[in-house]
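We've got the same protein chain twice here, in two forms, each standing alone as structure tokens: structure 1 and structure 2.
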Structure 1
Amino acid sequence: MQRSKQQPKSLWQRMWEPKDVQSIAPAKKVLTYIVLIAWTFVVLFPLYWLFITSFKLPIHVSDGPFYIPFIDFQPSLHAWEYIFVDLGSDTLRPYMNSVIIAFISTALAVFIGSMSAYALTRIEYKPKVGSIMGFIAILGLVVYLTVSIKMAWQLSLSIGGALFLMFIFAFNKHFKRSLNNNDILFWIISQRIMPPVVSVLPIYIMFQQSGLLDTHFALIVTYMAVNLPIAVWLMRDFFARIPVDLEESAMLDGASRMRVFLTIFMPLAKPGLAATTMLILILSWNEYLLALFLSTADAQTMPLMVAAQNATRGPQWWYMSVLIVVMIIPVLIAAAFMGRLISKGQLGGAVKG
């Protein structure tokens, strides 16, 4: 029998069918690029608008919109001169405050959160409910002694610590009901679910009483505490994927838990470490509410300075644009660096697998 000749494919079929299993159909490729280009425009146009606004005079902003420099409007360095020449140190100080506070608090939150996540994945904790309630009661007593009776916080804290130790040694063995690691993890993440405005007033009073208000230390500790639950929650998932055999082999060779954590877990969780660091850095860099309550002049950060450009005559968009353009530079540099770490970590994991 004579074989029937294969009918040539139509143009429509060639457009929607890939040449092989490793390629994409031409029509789908075109649609993919159209969607990507459109989304890129959506993402980058606000940044472009922000950048060109920083070179506009107030009249250009008021009478706009003007889109293209040298065609729609004549660019001017008026806003840049005001921010960096007229204000000078008033701009540099909040900028350096943001760099110091955001990066140090992020490093502390990620490191302490990673250690906590490692402990929750490898060590079984069973804290007694009665001991926890006793700690809360003693903490309330410390707050009462400090705020109401005006006792020095060092003395009240020492009294509270001594009472808690006595309470643990005397009553802990009589308590039966205990919690587990999942309960601890839920309590940790619940601290982030709680709105910061609920706790900002007690934090303000605490630093005011201790004389640490409007200092780098106050903001670093607060930012670290607020973002610590995110670090624990995210890093726990990455650590849970690491096989237990690696840890057991290292400990059989005499490695301590800290050495296992630093030399095995941290390198293997590099993609998660980079992603967590980037997220916490962004949250710390853009934090406004806590900085508003805990700083006035010495520890003022960039979000406060941007908000200060909303003067009595209305928002000074040209000044805001300059400050925001300068603000996003460290974040973009950190994002590029963290992106490379994530890519290298994923590639390393693929090669090891």
Structure 2
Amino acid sequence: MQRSKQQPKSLWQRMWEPKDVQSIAPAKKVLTYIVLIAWTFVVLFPLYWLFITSFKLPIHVSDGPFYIPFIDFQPSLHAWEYIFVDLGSDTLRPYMNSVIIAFISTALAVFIGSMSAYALTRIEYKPKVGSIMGFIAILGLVVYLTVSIKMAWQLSLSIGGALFLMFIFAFNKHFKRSLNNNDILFWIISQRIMPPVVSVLPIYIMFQQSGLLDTHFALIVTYMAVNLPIAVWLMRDFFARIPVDLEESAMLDGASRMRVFLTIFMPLAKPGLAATTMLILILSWNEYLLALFLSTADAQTMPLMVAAQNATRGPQWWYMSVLIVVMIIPVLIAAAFMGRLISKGQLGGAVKG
């Protein structure tokens, strides 16, 4: 900087040095744009391709590639017609299912997750190792009774519950070693590591036993459960940044904890809430494996329908593309809405930690 002030700058130097701290050097700016535009192409081209494929006739796909509608091929609405007119209600039903299941389960996961995340940032829990061991042992016993001895699950579960209560009352005071909030948090997030294939059969049996298979309820509850860890984990990060004094003054004014949580924390963490909601919404909107097992007809969701377009006649690219395109729309709208919340919150500055 010193040197450049004394000597006249060569063009090369000027290209690589910013005029002032706020702006970017011209050459750097050009490079930045090249990279960003290249990446935009990487991101948008597959979507563009899906979009135009939805207007192609089978012959356009098998003779391809054709790139621009009206110029190198004549677009046709046949696929859109098939999906929305011929299949009509068969498309609308999974679509509505997806909307209902994804939005409700997301709302529940975020709300319940936020509650726990708040608790984990503000309250210190000390569950005792001994009690947990006891609990696991009893749960193991319940599973053994149900699976091996074929005892009715209602019965074994109540036996387990009773045993556990007795156990707690008898031994709780004698345990010394305890865990802390971080351990609880990790225990919660570790549930997300579980591959769904492992848990899906027990869950299937559970819903089958209670006659809830192939209902919205089953999928909502399952999605809520699998996404809850992420909600807790992300929301805790956001809550941790909110200064303690805000709530302390409210507590001194006599506000209850619930009230503090609902009226002070939730509004302050809006950007965090929006980001978390977005991520969980995307995860449950697009989930395939669990839906495959837990739904048959009534609760079938969109990803299943997309996968279904791969048939013995070869993948029906045109139908598939229509479905994928219409599947993006609700999420895109939600994202636009949430995106506004996210950036607003960041500008607000109240949350800066």
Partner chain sequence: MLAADKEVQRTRAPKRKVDFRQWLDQEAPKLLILPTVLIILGLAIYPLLLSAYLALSRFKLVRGGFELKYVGFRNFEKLISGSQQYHFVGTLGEILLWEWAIISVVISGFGYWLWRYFSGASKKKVTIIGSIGRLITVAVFSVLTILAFTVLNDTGRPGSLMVTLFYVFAGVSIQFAIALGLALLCAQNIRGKNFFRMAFFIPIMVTPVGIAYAFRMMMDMSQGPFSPVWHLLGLGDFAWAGDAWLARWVVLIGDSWQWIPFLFMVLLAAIENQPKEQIEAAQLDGASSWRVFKDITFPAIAPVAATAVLIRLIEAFKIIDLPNILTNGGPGIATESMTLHSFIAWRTQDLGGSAAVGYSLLFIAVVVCVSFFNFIGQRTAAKGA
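The structure displayed is predicted, hence computed values, not measured ones. Heads up, when I say rigid core I mean the largest set of C-alphas that superpose within 1.5 Å between the two forms. Residue numbering: sequential along structure 1, first residue numbered 1.
For the form predicted in complex with the partner chain, the corresponding chain is the one labelled structure 2.
Superposing C-alpha atoms between structure 1 and structure 2 shows the smaller rigid body rotated by 10° with respect to the larger one. The Cα position of Gly140 changes by 4.4 Å between structure 1 and structure 2 once both are aligned on the rigid core. Its Cα shifted by 2.7 Å between structure 1 and structure 2, Val129 is reported here after superposition on the rigid core.
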